[in-house]
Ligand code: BES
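Shown next as structure tokens: one chain only, the form predicted alone.
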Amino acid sequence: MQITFAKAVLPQDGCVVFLIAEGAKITGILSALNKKSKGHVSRAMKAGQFKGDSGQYIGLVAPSGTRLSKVILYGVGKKPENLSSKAFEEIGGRLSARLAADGVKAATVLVEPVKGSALTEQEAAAALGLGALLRSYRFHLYKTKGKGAFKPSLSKLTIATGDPAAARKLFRPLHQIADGVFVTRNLVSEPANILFPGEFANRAKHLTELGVKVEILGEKQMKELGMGALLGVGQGSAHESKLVTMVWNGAKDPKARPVAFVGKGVTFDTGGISIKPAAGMEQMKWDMGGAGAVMGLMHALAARKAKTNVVGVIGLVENMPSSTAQRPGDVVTSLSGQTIEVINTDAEGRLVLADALWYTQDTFKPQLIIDLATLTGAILVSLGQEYAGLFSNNDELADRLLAAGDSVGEKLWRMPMGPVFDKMINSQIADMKNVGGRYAGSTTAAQFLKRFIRNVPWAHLDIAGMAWSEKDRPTVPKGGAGYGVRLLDRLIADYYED
């Protein structure tokens, strides 16, 4: 969908939308329109009992005295001065979905002055545009005919405000971040027969067009390095495993220690020999959501020319059962030299991350490291699809992540860690085992990862409940959510840019 900005005047024709707060009176441009239409607007509001409640919607077709095709009144609930940037994003998302459902092809939304607010009128306009853009996303690549090929009609949304040039300037980096979100949503939505490790790695090469340095390691190189944990996961697949590094140097000092992000990229997870139940297994195409988020984040940071040094590392494997697959009871040697008894081959993501985390620290010497993974079903039991789990060895980093998540609506909840949980993954025959038993599954998985973290601030985000949305949300349509891109972009913007 195209988002444009224009001067706040009543359009001559087409569809126009007015945002109305609860209990607000008809003023400004809407008042002028009401007079022009000989009270059509006020009569419609009275007949429809329109009070400006949040989400309330009234459409007036071809109001008399004008050439407008439609006038829409949309309730925003609270007075504009009490609305946050996140609230305007949600208004934009809900409004664009409603317009699309009504068959509107193009519309103008009037954002009038926001008096007495910390949020400027232009900031509100830009946020509304971002919300509308994010909600407009559709993955229809494989639709060919019939109703399934239908795309929402809304193709252009013009946001009218007092200073469109200022709003346009604010919106530009938001659009670039949204593009990064769409990169992640596209990756998460792709079927596994299309997006296997090699194809995923090839798509990362497109980041070079934005100035990102991309390097791809194959199985031969990883074997020479000693990545036995990662390679063990993929050894049952016909598709070669890959490790991709993406480097963006945007800081004033190109040698400054980077912030590192590491993503789990299991392009399909059958569970291996410890095979999953058939029901719902098709969902495991998005078990690469962590890697998808890292790649989308690198796109967003490079597109908006973030003034910082960042590295993204993604371990790409396919976990399949075959005569060459890893077995329960096998012992593998990780890149760190630590040995791992594989109790359950369906606890494979932590094995991939173990080598990817160690390699990232060895190669790039980051100032901090954050990993993202659709790691455990246990985190859904704990937090549902409302929060991602946050585990960290550093309170300052954890607090910054929580604040960043709250500001963009990608929520985190900090989970416990400690020696009692760490003991649960001790093995009788190796340095550790890859599962800790029935209880505290998300925490023991995090404790496993912590054994591959050296003296560096680290956070693990278990996004198993957030990578895929089971329902339409204000700015996230059902499907691949793109979770993590905006959260981590905000973290970088707020704390780690020059």
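Quantities reported herein were computed from a predicted structural model and do not represent experimental measurements. Just count from 1 along the sequence shown to find any residue number.
Note that the form predicted in complex with this ligand isn't included here; everything after this is about it.
Residues within 4.5 angstroms of this ligand in the predicted complex, judged by any non-hydrogen atom, belong to 374-382 and to none of the other stretches in 253-261, 187-195, 297-305, 374-382. Only one of 435, 45, 440, 26 lies close to this ligand in the predicted complex, with a heavy atom inside 4.5 Å, and it is 435. Among 344, 208, 426, 322, the residue placing a heavy atom within 4.5 Å of this ligand in the predicted complex is 344. Mapping the unseen interface onto this chain, residue 464 counts among the residues with a heavy atom inside 4.5 Å of this ligand in the predicted complex. Using a 4.5 Å cutoff between non-hydrogen atoms, residue 286 counts as a contact of this ligand in the predicted complex.
Interface membership of residue 203, defined by any non-hydrogen atom within 4.5 Å of this ligand in the predicted complex, is ruled out. Interface residue remark: residue 269 is counted as part of the site for this ligand in the predicted complex, having a heavy atom within 4.5 Å. Annotation for 406-434: no interface residues with this ligand in the predicted complex [heavy atom within 4.5 Å].
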